[in-house]
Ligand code: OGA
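Only one chain is included here, represented as structure tokens and corresponding to the form predicted alone.
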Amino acid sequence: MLRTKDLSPLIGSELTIDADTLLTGIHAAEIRELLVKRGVLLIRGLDLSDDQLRTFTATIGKIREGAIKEENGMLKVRHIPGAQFWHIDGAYTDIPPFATVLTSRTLARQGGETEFANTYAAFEDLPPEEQEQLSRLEVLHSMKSAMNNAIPEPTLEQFKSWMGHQGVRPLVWQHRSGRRSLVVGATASYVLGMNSVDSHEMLQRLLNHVTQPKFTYRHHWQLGDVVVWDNTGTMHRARPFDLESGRTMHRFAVEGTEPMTAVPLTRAA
């Protein structure tokens, strides 16, 4: 039996389920539906092995493989420059990952929490006129923008590597479900067709809007926790921690199936 409890009104639910039942995948469709609805799912104290974590991830969808530093689809997360700023994984790719499954292996004594923000609820909270205005805009997303704060003076090799990862994306993602979500965060470089000052002001204002307390959930890790989030409808970030603490997380990602598209518009001739 799967039991759920909301962690906050607009984002996050805690699931109560034993490991054996979880790994059968019998509740996979229910979990996937709840994931899109609530954004973040927490299961306390499962203490899954890497093989079990992989098995669970595969019940949600196809495991993504081939990303940088992954070993057969699994990434050992210690310190990723830029991860401490709000972002959506793969925002500059054609089809971002659908979901991420993360478990704790070693914790920092202080800090290292993971925060999440509901980009669906934040969009739906905006006035209808602003929703339609924003739905007409496009943004350049890039790895360089995501890394600017983390490494403000990169080497030439780093700069060239970052510039190979960029793409124009809608500011508002029209999902197949009919719902819409904002696409902002550290990867957002600038709004196309807008001067730099106005572009910066708009992106910062929207980021502040999305990350209000009512749209966010901060997870305080315990060993053995498993956290899953909908990467297409939430942003996330890691909070600062001592890099010498040995904090380590193991992560699998689920392949995306939905391209990031804008709301269809009828433009005047």
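Being a predicted model, the structure only gives us computed values, none of them experimental. We number the residues from 1 along the sequence you see.
Same protein, other form: the form predicted together with the named molecule, not shown, and the subject of what follows.
Peer 1: Does the named molecule come within 4.5 Å of a heavy atom in each of 80, 102 and 238 in the model of the complex?
Peer 2: The answer is yes; 80, 102 and 238 each reach the named molecule.
Peer 1: With a cut-off of 4.5 Å between heavy atoms, is residue 249 one of the residues that contacts the named molecule in the model of the complex?
Peer 2: Contact with the named molecule, yes.
Peer 1: Taking heavy atoms and a 4.5 Å cut-off, does residue 229 contact the named molecule in the model of the complex?
Peer 2: Result yes; residue 229 sits at the interface with the named molecule in the model of the complex.
Peer 1: Taking the shortest heavy atom distance, is residue 114 within 4.5 Å of the named molecule in the model of the complex?
Peer 2: Looking in the model of the complex, residue contacts with the named molecule include residue 114, since a heavy atom lies within 4.5 Å.
Peer 1: Please check if residue 87 has a heavy atom lying within 4.5 Å of any heavy atom of the named molecule in the model of the complex.
Peer 2: So residue 87 counts as contacting the named molecule.
Peer 1: Looking at 56-64, 203-211, 34-42, 229-237, which stretch has residues with any non-hydrogen atom within 4.5 Å of the named molecule in the model of the complex?
Peer 2: Going through the listed ranges, the match is 229-237.
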